[in-house]
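Before any questions on binding or motion, here is one chain by itself as structure tokens, the form predicted on its own.
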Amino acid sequence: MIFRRYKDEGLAHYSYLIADEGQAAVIDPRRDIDVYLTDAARDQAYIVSVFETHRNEDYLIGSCEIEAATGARIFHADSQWDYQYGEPVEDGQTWRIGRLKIKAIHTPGHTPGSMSYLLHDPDGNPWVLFSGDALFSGDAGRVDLLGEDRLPEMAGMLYDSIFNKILPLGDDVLLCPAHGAGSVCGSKIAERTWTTIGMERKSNPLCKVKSEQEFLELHGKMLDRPPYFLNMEELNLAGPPILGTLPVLKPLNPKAFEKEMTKAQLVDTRDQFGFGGGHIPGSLSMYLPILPSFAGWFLSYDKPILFLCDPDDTEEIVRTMIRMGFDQLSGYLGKGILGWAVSGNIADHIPLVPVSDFCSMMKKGGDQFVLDVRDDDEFKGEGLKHATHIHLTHLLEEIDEIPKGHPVFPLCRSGNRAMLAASFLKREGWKDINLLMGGLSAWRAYGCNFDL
């Protein structure tokens, strides 16, 4: 018997593989499926089934890829929507994977047709609940995806799912959700990488409420919704285009790269120091660890994408992008920024200001515009009296609040999100853009006697 979990660090997505007696099943697979095929083969098992817990919004499902590679049957939830592939799941439906039994449990709320799957061990005991986006570690799935007018209805469904269907399964049952901490599918997912129904009953605030109304008041909120969600929803009903194999990001020489630039979006995945020291004009700084979090906010699907990156990072970049449906990947600058510069091309820069200089500057006063781009929870209680708060993902809609006639200093915890903001503003025509090297972490470590 085999039980494996796979984590997409960038999107905080969990998928699972179970296998017994030569048969295997995958729950909520990601689009690059090679890891499931490799592990199933290593376990001397063949993937016969794929189970989807709900229609996903934040990544492209890999079900059709697995079906194309293995002939596995796909079972999808949310049967009220017009799926173009697979078979709809019925509440209470059961399957066998070797000696293991899987039972579908209708747990609506995140979506109307969400399904959880209860896995029984070879002795028939309830063992693992694959809860999708119904219940997370420390949180529950967002209930705002169908609009504000349906918040009470969806929250009521999720309350019923949690208290009347999930918690009664027993405290010893492992809870395996579709996401961990950092996912946009929940606002307060805990960092417990493994949990049980009993642990959630004990420590999850949403499992302690006394009524449906209290649940609605605590959880029925509209959250930020990345624009790429709409594309994911459409493709996850139609079935994403089949890749077959993982695409390869091709290296381009400066001349070929420059030619492609006329029709492409430019993304630089180096850190703030590399980007600030020299970058291609018009490029966006998306340090590789934050690429999954912000590509869907700042990039469009109607234009190809070019990268300036470390060649060793190209596979991770490709996996990150195809999981969100960004398939138009034109290549990367094979000779890097140095090759770009020695070929006679223009490079731009963003000044990196040491914290000691920034501290002196703020004490002297002046017309600096300090822009805090962290999220609301990070900003609260910080007492940044001289900073204007605009969350990074709201920059486009609130850009008129940022003056062009003053030095602008975007600010975040470490500086990498701030550099994305700086690069965006630079691309949009702001001239005097600067960055506090190391961000607020450097500010606090330095101990500047000045309240931002």
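Numbers follow the displayed sequence, beginning with 1. Fair warning: this is a prediction, and the values are worked out from it, not measured in the lab.
One more form of this protein should be noted, the form predicted in complex with a further copy of the same chain, which is absent from this view; the next part is about it.
Taking a 4.5 Å heavy atom cutoff to a further copy of the same chain in the predicted complex, the contact residue among 146, 235, 352, 218 is 352. With the partner omitted from this view, the residue of 311, 152, 88, 241 that lies near a further copy of the same chain in the predicted complex is 311 [heavy atom within 4.5 Å]. The closest heavy atom approach of residue 171 to a further copy of the same chain in the predicted complex falls within 4.5 Å.
Of the heavy atoms in residue 396, none are within 4.5 Å of a further copy of the same chain in the predicted complex. Interface residue remark: residue 414 is counted as part of the site for a further copy of the same chain in the predicted complex, having a heavy atom within 4.5 Å.
Using a 4.5 angstroms limit between non-hydrogen atoms, residue 347 touches a further copy of the same chain in the predicted complex.
The stretch in contact with a further copy of the same chain in the predicted complex, judged by heavy atoms within 4.5 Å, is 120-128, chosen from 120-128, 298-306, 366-374, 222-230.
Across the proposed site, 45, 248 and 343 without exception bring a heavy atom within 4.5 Å of a further copy of the same chain in the predicted complex. In the predicted complex, 99 is the single residue of 78-104 with at least one heavy atom within 4.5 Å of a further copy of the same chain.
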